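Starting off, we have a lone chain in the form predicted on its own, written out as structure tokens.
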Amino acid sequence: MDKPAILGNTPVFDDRLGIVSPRLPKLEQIQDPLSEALRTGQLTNHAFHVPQFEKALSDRLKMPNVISVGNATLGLILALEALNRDGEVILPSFTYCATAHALYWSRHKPVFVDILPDTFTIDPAAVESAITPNTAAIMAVHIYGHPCEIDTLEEISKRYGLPLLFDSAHAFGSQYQNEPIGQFGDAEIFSFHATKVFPVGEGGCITTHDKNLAEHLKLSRKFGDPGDENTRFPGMNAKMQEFNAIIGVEMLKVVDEHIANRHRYAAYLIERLGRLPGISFQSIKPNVFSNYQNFVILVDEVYFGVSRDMLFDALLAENILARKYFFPPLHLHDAYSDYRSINLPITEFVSKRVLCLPFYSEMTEKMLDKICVAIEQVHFHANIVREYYSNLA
């Protein structure tokens, strides 16, 4: 087998293969509604296309209340503010920073807990152990498209009388017990960012069964103004633009096709990379359907031959941009330095080994093969790669 590029060979890709590549509608597919929006100047304030998009989302998710927002971070802040509860919010440290940052802006204190070792989602037992009289809510996160242990979390939230929110940024199109993610807890918050399975550029939505909560969120995303310019409370500007909704309506037509593609690509990568010692994957539970928002591997240095960080560098030399997602975990970020002493062994174990590979809604077998070849070459020449690193030191 050829040596990897980090040892002087030619990279497997001539051009950089980025971590994501959103598949968006062609201009001709959105030209008519876009031209009409530009002609009328109705670009925001839910003129036409945002309500149309919300209705389409409501139908798909089987949810009566879908509230579009400018992005998921704003959605998290609005949902947390709407709880009208001070105190602590329990959440995983193994998540994107926006989950915890939203607590800062809603004036809540994070309480980081550990994750499950197979799905990397929040550990319900750790959640229950962290509940105190100061707990205001539970914020669970669906990771890489895999849903949390929803039934157990809902049982805990009801038993303790605590609101349960789901950061569902990764999970549009995923299912739990054959039902779409979006139907659970007190509210779920989705991201439609360009990096997601369902991209509209910037955007997101909140789903809830609670009509009163939905009405509050609709006011809150528009300064607290119901339309008479007499604000009922201090809200914010969290509105989605018409342009993003136009893209969203079109993308709903193809999102299932894109998720099906991702399942095929994931099966190929699991079969191929699963032959290598020291490579493992996120477990997919039998009662869930993952949209495969991200495809991740765990690298065991002892059996694979090199560390996750060495593999990351070696892939970069092959023009493959992987991502250490999520490393470091949030309790080790500078922004949360007060939490560095907490003990989250599974979170730290996973975060030191996890690597997200480039993964798109439309890939070719040649692209997938080259990614696998690059990883196989590093494993085959692991001794020389380690020697290369020792010489650098």
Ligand code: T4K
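Residue indices: 1-based, along the sequence shown. Just so you know, these numbers come straight off a predicted model, no measurement behind them.
There is another form of the same protein, the form predicted in complex with the ligand; it is not shown, and what comes next is about it.
Peer 1: Can you pick out, from A194, M236, A125, V254, the residue that has a heavy atom within 4.5 Å of the ligand in the model of the complex?
Peer 2: Contact check passes for A194.
Peer 1: Only one of S280, T135, N244, N71 comes within 4.5 Å of the ligand in the model of the complex by heavy atoms, so just point that one out.
Peer 2: That would be N71.
Peer 1: In the model of the complex, do L76, Y96 and F326 all reach within 4.5 Å of the ligand through at least one heavy atom apiece?
Peer 2: Every residue of the spot touches the ligand in the model of the complex.
Peer 1: Just one of 98-106, 268-276, 156-164, 83-91 has heavy atoms within 4.5 Å of the ligand in the model of the complex; which?
Peer 2: Only one stretch qualifies here: 98-106.
Peer 1: Are any of the heavy atoms in L217 no more than 4.5 Å from a heavy atom of the ligand in the model of the complex?
Peer 2: No.
Peer 1: How about M310: is it within 4.5 Å of the ligand in the model of the complex, going by heavy atoms?
Peer 2: Heavy-atom contact with the ligand at 4.5 Å: absent for M310.
Peer 1: In the model of the complex, is there a heavy atom of the ligand that lies within 4.5 Å of any heavy atom of V20, even though the partner is absent here?
Peer 2: Yes, V20 lies within 4.5 Å of the ligand in the model of the complex.
Peer 1: Hey, in the model of the complex, is V141 touching the ligand, heavy atoms inside 4.5 Å?
Peer 2: Because a heavy atom of V141 falls inside 4.5 Å of the ligand in the model of the complex, the answer is yes.
Peer 1: What residues of 146-172, in sequence order, lie within 4.5 Å of the ligand in the model of the complex by heavy atom?
Peer 2: Going through 146-172 in order - heavy atoms within 4.5 Å of the ligand in the model of the complex - the hits are D167, A169, H170.
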